[in-house]
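Encoded as structure tokens, the following chain is the form predicted on its own, with no partner shown.
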């Protein structure tokens, strides 16, 4: 702290303010300085600190006094700091708040954050060393020489104007980039809105209190409660999908709604097996191929077969992929419906290099 001198806080000619940060406390080495929390200002030539309540209390130190600096991370009840190691006190240093210090370093404690940007700007200034370009008559360490007269004032105004113009230009450049991004985000939001149109149940699908082993124990009781919750949440999706969903699709839908409380495939299967014993309006069905689906109890097998036969008869022949496009179902479920109609003798197949195609059974 004995490297700091009293200052009036005014900038010298050719000196420019780089950054300022409120809520900064000074440390003399590891000890808190006998100063309150204030504003730290970094210029091209000096590190300045000013008391927030008493603006006449202002101290400054040339950047040329800095040897090296480092960041000190925040801890529990401790603010982030920048530790600045200093050179020996110059013989011609002007008076300051400390005449002697046993430490060769100071700390800037950031009570209101901002230390990352301050550290970055300090690094830039120490790398560029712009204070070395100052004419000898205006070197800051040589005393309190100030620019006076109309010429000095005009030069100062001109520098401020150039700095302001530069900042405005950069701001408009950033604004243009933001507008380009904004257009992209609008297009993305429209795309998402179109995808979820008429699927409002997805917005309310989240389960506020999912059934878990911690809340409902394990074994049969857990699977019974889980089955009841599945019945509540799957009614709307099943009705929209024609009364049937593949178990893999149900698994993805349920875990998306449960958030962090993910459900295992085994628990899902065991819960679905409880539908019939609990007399719920859902059923777990296993096709001959081994494909497992969840369907509404009201879902009629005769209607599935009739739909498959009608569509194949209208088109002359259909593959599972073509049938899926017509009904808006997954290819897996569409194939199972065609196979079921074939099993009942209403369809026949042609299995060739072009794939599996179904025809009306005329025999």
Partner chain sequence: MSFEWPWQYSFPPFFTLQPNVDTRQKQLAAWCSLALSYCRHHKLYTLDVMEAQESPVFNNKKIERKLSMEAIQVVFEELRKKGNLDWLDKNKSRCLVMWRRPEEWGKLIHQWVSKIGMVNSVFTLYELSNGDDTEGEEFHGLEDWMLLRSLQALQADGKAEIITMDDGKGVKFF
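Only a predicted model underlies this, so the values are computations on that prediction, with no experimental measurement involved. Positions refer to the first chain, counted from 1.
Not pictured, yet referred to below: the form predicted in complex with its partner chain.
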4.5 angstroms heavy atom contact with its partner chain in the model of the complex for residue 359: yes
Is residue 349 part of the interface with its partner chain in the model of the complex - any heavy atom within 4.5 Å? yes
Might residue 12 be said to contact its partner chain in the model of the complex, defining contact as any heavy atom within 4.5 Å? no
Give a yes or no for residue 343: in the model of the complex, does one of its heavy atoms lie within 4.5 Å of a heavy atom belonging to its partner chain? yes
